[in-house]
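Take a look at this one chain, the form predicted alone, written out in structure tokens.
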């Protein structure tokens, strides 16, 4: 008598593939300004610095070129924080102006998940403006 198999067929790709999956879902269209503030000599800043590195990549910046990414380096042993100011039109609908992540005890993956949950979900959907015209519609347009 055998025991039925209950589990995954493959193993997960690990933290690196999970971070890559979260980075593919990042959309900064709802953000106006992102300010990352940390003390470089603090204990729990490596994940915040890695998060800053991922946000400064060209593919992420292209999701909203108007979003400014600002880094504040302080030397007061304060907890690392990430402040995200929202675009005014989205701030009115969401009824909040700013989102703050206190990232002292969060990993980079958790920060990306929170970014996708709270910021990327507020981004407006892309509208497809390119419509397919048939040959008959093109000919009608030229005759007019």
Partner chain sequence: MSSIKKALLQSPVPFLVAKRFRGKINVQKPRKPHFERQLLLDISKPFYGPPKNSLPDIELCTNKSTRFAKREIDNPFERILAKECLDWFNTSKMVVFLHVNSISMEDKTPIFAALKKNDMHLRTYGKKIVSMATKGTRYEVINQLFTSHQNVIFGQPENAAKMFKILRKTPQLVVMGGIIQDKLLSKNDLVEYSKLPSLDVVRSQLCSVLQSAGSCLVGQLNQNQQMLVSHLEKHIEIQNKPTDNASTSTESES
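Residue numbers count along the first chain shown, from 1. A quick note: this is a predicted structure, and the numbers were derived from the prediction, not measured.
Below: the form predicted in complex with its partner chain, not depicted.
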Worksheet, complete the sentence: Of 35, 116, 46, 63, the only residue with a heavy atom within 4.5 Å of its partner chain in the predicted bound form is 46
Worksheet, complete the sentence: Note: exactly one of 81, 97, 107, 50 sits with a heavy atom within 4.5 Å of its partner chain in the predicted bound form, namely 50
Discussion item. How about residue 88 - does it come within 4.5 Å of its partner chain in the predicted bound form, if we only consider non-hydrogen atoms?
Written reply: no
Worksheet item: Quick one: does residue 93 come within 4.5 Å of its partner chain in the predicted bound form, counting heavy atoms only?
Response: no
Practice prompt. Check whether residue 68 has any heavy atom within 4.5 Å of a heavy atom of its partner chain in the predicted bound form, and answer yes or no.
Written response: no
Item to complete: Using the arrangement in the predicted bound form, list in sequence order the residues of 40-78 with any heavy atom within 4.5 angstroms of its partner chain.
Response: 40, 41, 46, 49, 50, 52, 53, 56, 57, 58, 71, 73, 75
